[in-house]
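One chain comes next, on its own, written as structure tokens: the form predicted alone.
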Amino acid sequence: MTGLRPSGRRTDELREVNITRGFTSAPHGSVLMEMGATRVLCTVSIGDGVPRFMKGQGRGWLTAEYSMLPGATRERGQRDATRGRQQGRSVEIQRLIGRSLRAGLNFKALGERTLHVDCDVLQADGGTRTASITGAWIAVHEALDGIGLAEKVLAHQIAAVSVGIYRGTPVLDLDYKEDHVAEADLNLVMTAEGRVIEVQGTAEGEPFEMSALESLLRLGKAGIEELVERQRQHA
């Protein structure tokens, strides 16, 4: 259906996707992930050692941090350092990023190393958490490839996308104009094989039917298949 969405996209159409590897040179892996007007810098640094609770097990770890820069939205936000603590939203999102990426790693093959993932939102127009996961997977691949461990450690390719009900219709990859008025909003994380890692969803007002949920999941799966192909072009 065309004409429904503010952007003019079809209901099953992703925003324009642009992926830039090696966007910064200091980290082991670096990707600028762009989904429409949403831009997230995803970096990965590899450190020796693991958290204390994992020492001596011969296994690695991955931890993630997420932040939105003050100028990422039209109304300037406060830095967490200025506020004195992280926003609850930032903590929730970085936990999602960490859980999602850990689901695709063989930590035994990594050895006692830690992958430090940082996702910094440069510009926000909806879907920042899903763009972070999709971009961060590429950055993890780049980092591991640099030390010759990508094939051994990466057990699953992972991508994520948002779907929602906008004006009564299921749509793929919501931008802000759709997201802030959507009747339902859902974030889906999957492997390239089509296996589900996490589903986050809620009705923003009236409850919705199970048939609508099934439609959203089908839309999301198709969108992730497209994103997986784009990842492969840059991994």
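Just so we're clear, the structure is a prediction, and the values are computed from it rather than from any experiment. The numbering used is simple: start at 1 and walk along the sequence shown.
One more form of this protein exists, namely the form predicted together with another copy of the chain; it is left out here, but the text below deals with it.
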{"property": "Complete contact of 98, 145 and 233 with another copy of the chain in the predicted complex (any heavy atom, 4.5 Å)", "result": "no"}
{"property": "Listed residue (51, 56, 168, 207) with a non-hydrogen atom within 4.5 angstroms of another copy of the chain in the predicted complex", "result": "207"}
{"property": "Contact flag, residue 221 vs another copy of the chain in the predicted complex, heavy atom cut 4.5 Å", "result": "yes"}
{"property": "4.5 Å heavy atom contact, residue 69 and another copy of the chain in the predicted complex", "result": "yes"}
{"property": "In the predicted complex, residue 203 touching another copy of the chain (heavy atom, 4.5 Å)", "result": "yes"}
{"property": "Contact label in the predicted complex: residue 122 to another copy of the chain, heavy atom within 4.5 Å", "result": "yes"}
{"property": "Residues of 38-68 having any heavy atom within 4.5 Å of another copy of the chain in the predicted complex, listed in sequence order", "result": "39, 41, 43, 45, 65, 67"}
